[in-house]
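Just the one chain here, laid out as structure tokens, in the form predicted alone.
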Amino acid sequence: MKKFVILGAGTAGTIMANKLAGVLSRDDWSITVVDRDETHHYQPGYLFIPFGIYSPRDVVKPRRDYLPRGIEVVMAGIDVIEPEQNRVRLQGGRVLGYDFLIIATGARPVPAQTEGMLGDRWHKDVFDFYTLEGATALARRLKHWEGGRLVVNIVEMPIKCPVAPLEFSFLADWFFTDRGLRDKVEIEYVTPLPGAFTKPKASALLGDFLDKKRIKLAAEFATGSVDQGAKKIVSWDGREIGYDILVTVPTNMGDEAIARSGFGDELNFIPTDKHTLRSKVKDNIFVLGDATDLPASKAGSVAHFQADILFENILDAIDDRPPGAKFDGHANCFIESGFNKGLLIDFNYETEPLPGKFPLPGVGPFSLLEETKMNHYGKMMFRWVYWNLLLRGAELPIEAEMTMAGKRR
């Protein structure tokens, strides 16, 4: 019997497990999925917890409820991957051999990478919201906060869900407006990038968006350290920005097992062919989702589109054919802008976000690069789609390859 091993049962790994289980004969193939714990987290939902829109029970469910029956699920950490021996060593001593390996180990915030970030005031004045613990601690802090300087800071790129820090800033503007505190709260968005919206077309249409919401922008700020005593962040070139509450997006890194295995980059992301999703480590290893080093967004929509492509390429690989499907870098992201409105962007490796209607030309119902209530509803409906369709590998009406239909140049 041939063996398929999937490392990681987050969004990408769960989708692939469901897709493969639906077509591979159980007489000929075994599928083993490895993850370190029993709970699956809807990570886009973390954004809403600090503002009381979602609670932890909205974003956490039993992992096994979304994995297909008839496969083996192993709850263990990964010790090391040994490509030349076609095996994975797990923490605890178990060894898994494989014919094909899918690595979907994701990305994680690592606050220890920034000097001073993990101090006595961590989750008291300094918060992340990319973890359940950080988001819930921040919810408690904001609930009774009476105002001051709120700094939203991205330490360095790449990060999971690149638009989430912007969304947090917009939701904070709405949250404090509703509480009658907006005039007492100064919001500053601090990014290492040249601007909040870096693509030319998006910047032209949305460049004054932060000004309208009275959110100050500090661009090209490369955070080097956090001084918790003085309540300030310091860039590598010596610039300083003070805060009362710091909401940070720490350095994002791949799984530590990738470093132990010796084939990741400096952030533990895996060298991957940008079109076929085959690893550059060995031909029988494929990578998808946040674990890749691709120049694509680390977002749930990308994992979905990649999974559609990878599924076709794995079937080719099983039949000893070269991968025929090509991932074009397609990403599709709703951006919450507050006050029950949202934006939508759709782009790929070659094409920047453009205005228009999505997914149906001239009809929508969603509008690209435009703030609408329908875009907000799309964002909020996605949680149901995620739990009930996306994770289960269902066919969705959005193609993996980006289309220009409905877009205006």
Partner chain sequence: MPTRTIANKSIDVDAEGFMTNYKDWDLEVAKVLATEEGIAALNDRHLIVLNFMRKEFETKGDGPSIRKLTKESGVPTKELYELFPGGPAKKAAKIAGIKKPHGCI
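Small disclaimer: the values here were computed from a predicted structure and weren't measured. Positions refer to the first chain, counted from 1.
What follows is about the form predicted in complex with the partner chain, which we do not show.
Enquirer: Which residue among L193, L181, A204, L217 has a heavy atom within 4.5 angstroms of the partner chain in the predicted bound form?
Expert: Checking each option against the partner chain in the predicted bound form, the one that comes within 4.5 Å is L193.
Enquirer: Consider the chain as shown here, without its partner, and state which of K199, K326, R278, R89 has a heavy atom within 4.5 Å of the partner chain in the predicted bound form.
Expert: Comparing distances to the partner chain in the predicted bound form, the residue within 4.5 Å is K199.
Enquirer: Check E146 for me: does it contact the partner chain in the predicted bound form (non-hydrogen atoms, 4.5 angstroms)?
Expert: Residue-level check for E146: no, no contact with the partner chain.
Enquirer: Within a 4.5 Å heavy atom cut-off, is E156 in contact with the partner chain in the predicted bound form?
Expert: Close contact exists here: in the predicted bound form, E156 approaches the partner chain to within 4.5 Å, heavy atoms only.
Enquirer: Can you tell me if L267 lies within 4.5 angstroms of the partner chain in the predicted bound form, counting non-hydrogen atoms only?
Expert: L267: contacts the partner chain in the predicted bound form.
Enquirer: So in the predicted bound form, does any heavy atom of P162 sit within 4.5 Å of the partner chain?
Expert: It does: once the partner chain is placed as it appears in the predicted bound form, P162 has a heavy atom within 4.5 Å of it.
Enquirer: What I'd like checked is whether A222, T251 and P295 together line the partner chain in the predicted bound form, meaning each has a non-hydrogen atom within 4.5 Å of it.
Expert: Result yes, every residue of the spot touches the partner chain.
Enquirer: Only one of 120-128, 233-241, 335-343, 313-321 gets a heavy atom within 4.5 Å of the partner chain in the predicted bound form; which is it?
Expert: Comparing against the partner chain in the predicted bound form, the contact stretch is 233-241.
Enquirer: Relative to the partner chain in the predicted bound form, which residues of 105-128 have a heavy atom no more than 4.5 Å away?
Expert: Contacts from 105-128: just Q113.
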